[in-house]
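This document starts with one chain, in the form predicted alone, laid out as structure tokens.
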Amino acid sequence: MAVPRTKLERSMSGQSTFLSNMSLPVHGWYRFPAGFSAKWARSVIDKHRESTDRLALLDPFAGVGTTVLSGEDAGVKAYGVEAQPFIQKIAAAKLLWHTDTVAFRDAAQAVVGQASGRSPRRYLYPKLIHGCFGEEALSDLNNLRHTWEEMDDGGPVAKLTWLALVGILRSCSSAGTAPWQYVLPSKTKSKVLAPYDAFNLQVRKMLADMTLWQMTDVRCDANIFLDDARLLNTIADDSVGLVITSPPYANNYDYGDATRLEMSFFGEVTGWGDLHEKARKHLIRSCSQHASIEKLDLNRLLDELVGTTLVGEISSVCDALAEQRLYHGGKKDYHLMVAAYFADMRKAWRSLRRVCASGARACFVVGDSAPYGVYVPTDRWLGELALDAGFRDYSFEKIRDRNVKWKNRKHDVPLKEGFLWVQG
């Protein structure tokens, strides 16, 4: 039974979710629930504004750009790093909100006009795509895609038009697409939009948002780089004053699979087999599929944690997970996933220490986990890894209980989510 939440926790619980962003200008152009509230991010920026007066705001796990867009809105220099190539393209396109609205409107109208006037053409798509769209809808989407490709010059207008098409795919799919982005072709939705109607609606929304933001006359130094949070090669040393982010949770969600529908539609992946090469292998290792595909070795992973105060504790948890997997049908490699995750996050903290100036602050939205019922104290371990990297101190602020509404829970270990604050 869940512990009753305090009034403060209830008021803050929405700050760790992306859903509220869908009603905000620009933020809502693409739904990616693996994120947090833009309004909360803006409140943190305003509270710690002295940290970004001369230094940059950074999100090392930028996702679809919530932190960077909030930084732009606040008028501060803001950078993001995202390792999933397709998600980075989405985030970078959202930063083009300052593009000329007339040029974007005319280009989008031209795409619709030419696509709707051309004869249906043959399309070759993976099985997943045929399972998600009816024949008529896929024919229309295919015409939109090929018309856009013929007009694509790599400029801002073309990138915004691409984003408009990306943003309607799930609303045009008759298949279940689930809140957490997984595709369920065996389930159907009652409300499905026709592609041309959906595209026109999306373009109108984007135009309205662009017009609204352009009226503020706020234009800052902002960028979202295709880069690895474990390296941060695109971020200068001692240049960051504030970090706001939410790293992947070690809860077996496959972030590489989050955009398989969109990547399959645009021909970037042809099936499950090459998804790892195109998306997953670039990411923090936070799911058992990743660990299994790469055939990781537990001892080598633990060697990467030698020198920290946690190596013994993490080793004990991984041993318990290795034993528990023998009693479960899936025999998932949670022991390898947990070791790999914290080895990766150690590297990320070390890179953050290099790019953060003295006195910088960091806020991580984090949640713990309990695969096979074995508890993983993620917030404390990440805090200790921050100290290992050279940061001064950390504290954790709980905002809500996690995983209490799912009826198919495999364990009764209490879980929580909150803010990990790091100073130094």
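Everything quoted here is computed from the prediction, not taken from an experiment. All residue numbers refer to positions in the sequence shown, first residue = 1.
From this point on, the text means the form predicted together with a small molecule, which you will not see here.
- Proximity to the small molecule in the predicted bound form (heavy atom, within 4.5 Å), stretch among 149 to 157, 240 to 248, 198 to 206, 316 to 324: After filtering at 4.5 Å, what remains is 240 to 248.
- Query: Just to confirm, residue 366 within 4.5 Å of the small molecule in the predicted bound form by heavy atoms?
  - Reply: Although the small molecule is absent here, residue 366 would stay clear of it in the predicted bound form, with no heavy atoms inside 4.5 Å.
- Hey, in the predicted bound form, does residue 355 get a heavy atom within 4.5 angstroms of the small molecule? Answer no; every heavy atom of residue 355 is more than 4.5 Å from the small molecule in the predicted bound form.
- Task: Using a 4.5 Å heavy atom cut-off, state whether residue 44 contacts the small molecule in the predicted bound form.
- Result: Contact with the small molecule, no.
- Message: With the partner left out here, check for me: in the predicted bound form, does some heavy atom of residue 387 sit within 4.5 Å of the small molecule?
- Response: Residue 387: no, not in contact with the small molecule in the predicted bound form.
- May I ask you to choose, among 98, 282, 350, 77, the residue with a heavy atom within 4.5 Å of the small molecule in the predicted bound form? None of the others qualify; the residue that does is 282.
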